[in-house]
Ligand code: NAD
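The chain below stands alone, shown as structure tokens; this is the form predicted alone.
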Amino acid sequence: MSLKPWFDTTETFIAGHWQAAPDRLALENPSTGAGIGEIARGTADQIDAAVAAARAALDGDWGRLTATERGRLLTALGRLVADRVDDLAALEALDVGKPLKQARADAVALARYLEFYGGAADKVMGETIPYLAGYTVYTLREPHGVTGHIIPWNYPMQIIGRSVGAALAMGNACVLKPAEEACLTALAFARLAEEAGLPPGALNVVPGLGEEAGAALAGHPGVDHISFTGSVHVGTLVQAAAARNVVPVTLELGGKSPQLVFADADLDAALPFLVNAGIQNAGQTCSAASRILVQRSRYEEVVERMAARYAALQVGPADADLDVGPLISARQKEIVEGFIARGGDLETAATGRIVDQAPSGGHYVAPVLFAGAAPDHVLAQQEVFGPVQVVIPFDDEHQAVQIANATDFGLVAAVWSADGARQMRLARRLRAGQVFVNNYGAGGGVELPFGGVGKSGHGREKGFEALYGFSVLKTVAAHHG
């Protein structure tokens, strides 16, 4: 795979111009381990220039647009993304290593986010508040101003859509710092935004290292809001940096998401979700369902049927379009293999298979299904961020909830049961930002607010809640007698 002719730059994008950085970062194809080129290594000075450009855009053409006009620009950008779905998917597969079908789904999702937020831009309403005689009181939703977006390498397009798309819809001007491991689709997005006619400075993209460009953005005094998706460790650093400027932060961090399978569950319906939600994107997903909790009377059956699916999983390069691609880097492979080694005291129910044609330099790990894990086992507590799932038995509903809630995380959970009353009880009792009943993920759910509790973060993305998060509520009280 190679870069498409329409995508001809790997520089920073600031104030509507492509600008070189003083140094470069090497890119690697995770499927082969080979280099695929270089991108700009953005500096703190370039972050400073990007923030200044965003501020100028707010004071200029971008800030003068009506909500309807902003929505039309986002809708036009969404159409351009839709026209380039295959090109964007090829870039993402090359850069991240995910199978082409998964990369294509991400490109389609990016187009859908822009369509959704383009249509929603002029539908964020204030309200009037009954108050004292002689007063009219109302509220307004206004943009924060300059928003900083630090995104990870696992789902660049999707997270651009749900973060940058919502911020632009509310009228913010954005500075985007993509992960150094996967910048190509972020830069391609900037190219398409330029083509769609976004005013200069409304969107700025500065690739670079986290400890350089990322740290400069998180602690910049000219930024009014930070959105970060990534690890708990880096999230705490970002929040601390932003706190010095008293800047609000949306954090979407890790997860250890459970699926609870009760004796009355429809296993034929559940099984694809039980497995796919754990191995999608090679398990490099904050919302990966890495814990499968099963009522004891059906525990052996679930393990056996999941094991059969695992044994059929094939791992290989992105362009082979198999079930699982490589991990993002040699370092991530080392981390995941370390976790797998720590599961040596568990029953290995099944593993997938790395295909013979997988390049030897690629970062491949065969998916592993472990059975018989205690709720406090390291593989039931810590986020692996790889294709590893554990199956844990439980006896009754009370114990299931105790196990499900017994981690530091609280991002997503699922309940598989035909009992409607149980479904409602557990939806309330599970400690998670999203709870799915007899499904998992709901097809991506652009419209569905997403975020966590505990060490999974705070704030919400997706849906209208993201628009509220990227805005400030102002109250106006007019005394007219």
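Predicted, not measured: the structure shown is a model, and the values here were computed from it. Quick note: we count residues from 1 along the sequence shown, nothing fancier.
Heads up, the form predicted together with this ligand isn't pictured, but that's what we're talking about next.
- Looking at 371-379, 229-237, 98-106, 386-394, the stretch with residues near this ligand in the predicted complex, meaning non-hydrogen atoms within 4.5 angstroms, turns out to be 229-237.
- Taking the partner from elsewhere, W153 is found to have a heavy atom lying within 4.5 Å of this ligand in the predicted complex.
- Proximity of P178 to this ligand in the predicted complex falls within the 4.5 Å heavy atom cutoff.
- Not displayed here, this ligand is kept clear of D356 by more than 4.5 Å at the level of heavy atoms in the predicted complex.
- Taking the partner from the other structure, this ligand in the predicted complex has a heavy atom within 4.5 Å of a heavy atom of I159.
- With the partner removed from view, the residue among G201, P258, P367, G214 that has a non-hydrogen atom within 4.5 Å of this ligand in the predicted complex turns out to be G214.
- Contact with this ligand in the predicted complex, judged by any heavy atom within 4.5 Å, is made by just one of G254, P317, G78, G278: G254.
- Taken together, L91, A188 and G362 are entirely out of contact with this ligand in the predicted complex: none brings a heavy atom within 4.5 Å.
- Of all the residues from 20-51, none has a non-hydrogen atom no more than 4.5 Å from this ligand in the predicted complex.
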